[in-house]
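Shown next as structure tokens: one chain only, the form predicted alone.
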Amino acid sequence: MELLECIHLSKEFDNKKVLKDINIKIPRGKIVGLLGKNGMGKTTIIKLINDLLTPTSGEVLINGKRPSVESKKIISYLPERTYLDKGMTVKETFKFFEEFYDNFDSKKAYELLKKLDLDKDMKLTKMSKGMQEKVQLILVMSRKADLYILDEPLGGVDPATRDYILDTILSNFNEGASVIISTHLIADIERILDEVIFIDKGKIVLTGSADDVRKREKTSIDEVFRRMFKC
């Protein structure tokens, strides 16, 4: 059984189709890049998987079942925009997650906090956007989940920090779990991807293993992306 399946998934807003017959299969143990320009449907797919939107047609299956309270327990989701109370300190957000999620590992969270050089007593409102995104990433990666979904996790951090964040992702998700990373910053994440899904104007236009795509196209995933989405 696949960890995640999207079957003939479509979504309309105000009679406008933003997703058109999306079919995705993601097994366990993979890091998958959901790649496309902004506004092409990546976040809509993610919201459907997380049961934050309802499909117009088709379905999402997580471990063979439709999204529910149970599926939310095994999915750790990093949204593109912060959802945290910025009046809280980092320590208070950790406490909140510890009380809310049975699978939150506070010991791991504090270890990551130290590695990313953040102060546990600092309020989020006093932090830069990049620092807030690091805190959110720590919260997400400190859960013992089956599926980690990261929507533009590198958008607000400087290039020097991106490699460290990728290494944090790579070394902190559960064995047998999978990670979906939605991004348009292909060059930064290419080295960690097992599979790629290219989406354009609500349709999947290319999918496969990262190595197969590179061999077939005789170039990098980043270059494939640039050619495909050239203005």
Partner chain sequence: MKFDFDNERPIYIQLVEQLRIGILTSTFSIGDKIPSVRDLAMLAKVNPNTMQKALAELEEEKLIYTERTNGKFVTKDVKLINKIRDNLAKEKAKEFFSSMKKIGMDENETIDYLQDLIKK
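Residue numbers count along the first chain shown, from 1. Remember, it's a predicted structure, so these values are computed and weren't measured experimentally.
FYI, the form predicted together with the partner chain isn't displayed, but the following is about it.
Residue 174 belongs to the set of residues with a heavy atom inside 4.5 Å of the partner chain in the model of the complex.
The closest non-hydrogen atom of residue 64 lies beyond 4.5 Å of the partner chain in the model of the complex. Among heavy atoms of residue 215, some come within 4.5 Å of the partner chain in the model of the complex. For residue 30, a non-hydrogen atom is located within 4.5 Å of the partner chain in the model of the complex, even though that partner is not displayed.
Contact check at 4.5 Å (heavy atoms) against the partner chain in the model of the complex: all three of 167, 190 and 219 pass.
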